[in-house]
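First comes one chain, alone, set out as structure tokens in the form predicted on its own.
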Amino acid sequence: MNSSRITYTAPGKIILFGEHAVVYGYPALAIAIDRRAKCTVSSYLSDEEDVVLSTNLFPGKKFLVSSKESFPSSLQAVLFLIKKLTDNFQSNISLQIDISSSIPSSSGLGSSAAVSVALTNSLSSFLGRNYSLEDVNKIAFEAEKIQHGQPSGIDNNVSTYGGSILYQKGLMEQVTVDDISGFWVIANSMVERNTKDIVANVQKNYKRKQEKTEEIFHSIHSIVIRGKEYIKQNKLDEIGELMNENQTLLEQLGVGHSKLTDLLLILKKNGSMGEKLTGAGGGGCVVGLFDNIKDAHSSMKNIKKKGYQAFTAKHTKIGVTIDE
């Protein structure tokens, strides 16, 4: 054990292009954003059991690691990681694990993956286990399977490595981007949805209309490849156009929602260069691209007036990192 207290943070993400198609072996392009999950592991001499706190999700509550039944469904992956990482760990101390996040949960921004990556790094480091980033990424992916059933793996990759990532069939390519100069307005529809259920519904449609669905996936593939080059060149107008194309295709897959449509229209009316849902859809978040912060803030205010949540974000190159 290296310290009596250690903290790591990991970023959330937006999928810029390629949702759903990525599950079927096509590439997707995602970028890390400057909203992060934080995990602090500390110890104390006590006969009490190891506990988990989630200050912003479950304020005032403690969850006992020894009692699976006490953990809500949203923290089952957390419990899995703790048990996996503390296997064969013998000590007279008790562990306290504090989790917080500025990434809205169940909204397509990779909140669960960011928590898993931050927790894996903080707990393994606390226990003196020198895991590589590759190790952290693989372990966090195991937790994502518990949380989401059949995840693509893109969320844990972005949270681990940061920056911009092209992901396909378990292979990750770091896309070298000097900077994406635009500002993202991320608007939360406040409609919670289960990623596992949305993915399953797309799979049902795929089995019924395989040829049509494959055509949609091929079109999304083309968008991803072009989008990769545009973000490398910081071509905001072209990125915005591709976002709109991708949104049309996602709606054809049946993952839209009336609240998302409302948000997309607000973004468009307020000068967004492009707007689309991000993540599984069926609720969750949409993103709009702006070339100046003034318009981004104006759009965000108008979204909030309609009763939704919204915030601005920037692309970040920083993946999981220790919080000094």
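Quick note: we count residues from 1 along the sequence shown, nothing fancier. From a predicted model like this one, the values you see are computed outputs, not experimental measurements.
Omitted from view is the form predicted together with a small molecule, to which the following refers.
Visitor: Although the small molecule is absent from this view, report whether Gly279 comes within 4.5 Å of it in the predicted complex, heavy atoms only.
Guide: Judged by the heavy-atom cut-off of 4.5 Å, Gly279 is in contact with the small molecule in the predicted complex.
Visitor: Please determine whether Met300 contacts the small molecule in the predicted complex, using a 4.5 Å cut-off between heavy atoms.
Guide: Although the small molecule is absent here, Met300 would stay clear of it in the predicted complex, with no heavy atoms inside 4.5 Å.
Visitor: Using 4.5 Å between non-hydrogen atoms, is Ala77 touching the small molecule in the predicted complex?
Guide: Contact check for Ala77: no, nothing within 4.5 Å of the small molecule in the predicted complex.
Visitor: Do Ile154 and the small molecule come within 4.5 Å of each other in the predicted complex, heavy atoms counted?
Guide: Ile154 belongs to the contact set for the small molecule.
Visitor: Choose from 286 to 294, 261 to 269, 62 to 70, 22 to 30 the stretch whose residues reach within 4.5 Å of the small molecule in the predicted complex, heavy atoms counted.
Guide: Contact criterion met by 22 to 30 only.
Visitor: Can you pick the one in Val199, Leu253, Ile165, Ile97 that has a heavy atom within 4.5 Å of the small molecule in the predicted complex?
Guide: Only one listed residue qualifies here, and that residue is Val199.
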